[in-house]
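In structure tokens, one chain follows: the form predicted on its own.
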Amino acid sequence: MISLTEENYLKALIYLSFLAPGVEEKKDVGTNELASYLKLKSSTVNEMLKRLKEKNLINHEKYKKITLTPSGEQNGLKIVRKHRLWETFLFTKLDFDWIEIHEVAEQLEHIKSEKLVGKIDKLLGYPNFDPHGDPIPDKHGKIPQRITKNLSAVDIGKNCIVLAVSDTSKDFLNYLEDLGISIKTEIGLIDKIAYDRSIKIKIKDKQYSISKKVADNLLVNEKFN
């Protein structure tokens, strides 16, 4: 039996290994990197890593990086799948907004019933992506792929559609809502300012200036007219 805390560690390792924005190939994860992500002391993380190793969920030696075993990866992907399906369910069926869903899904993701997860997946029409645009692993652990780029990489004069966000913090999502930006919002890139690297954009008939940091956290697909 894998505990709730152990599941959280596996989910974090899955994210850092190959689901985090900018990670194009699977990579091993350092202890300090994991501790920083979980906001825990390295000593606390090391104790948990010993338990995960004993259960054959990870490979890890002292002072070396962490690798998920096939069992660890399989179990970690199940948690990610449940979390993102619950987010989608809360958003599409219960009218939670995309700022609220992460915290609630954190609680629901630890429900063990595979039958329930399967029925939710079917009810939702087998979605490939959650309300933040993150891919949802299928029941076999396969992760849907699509090509995106940061808004900051879009050329001046081009139009694009928001497909995902890299930052799901409340502050960032609140800021996007103030701008009228959500998944599937169409954005036109008007100009890039050399002085501070800010970016001028157009949403419907309104123009805004956003920082490069904000643009870096918006993942888009260019429209080809």
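All residue numbers are counted from 1 along the displayed sequence. This one's a predicted model, so the numbers in the text were calculated from it and none came from an experiment.
Omitted from view is the form predicted together with the DNA, to which the following refers.
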So in the predicted bound form, is the DNA close enough to E47 to count as touching (4.5 Å, heavy atoms)? yes
Classify G30 as contacting or not contacting the DNA in the predicted bound form by the rule of any non-hydrogen atom within 4.5 angstroms, answering yes or no. yes
Please check if L40 has a heavy atom lying within 4.5 Å of any heavy atom of the DNA in the predicted bound form. yes
I'd like to check something about E6: if you look in the predicted bound form, is any of its heavy atoms closer than or equal to 4.5 Å to a heavy atom of the DNA? yes
Listed residue that, although the DNA is not shown, lies within 4.5 Å of it in the predicted bound form (heavy atoms), from K170, K184, K62, K26: K62
Assert contact_stretch over 174-182, 30-38, 161-169, 193-201 against the DNA in the predicted bound form, heavy atom within 4.5 Å, equals 30-38
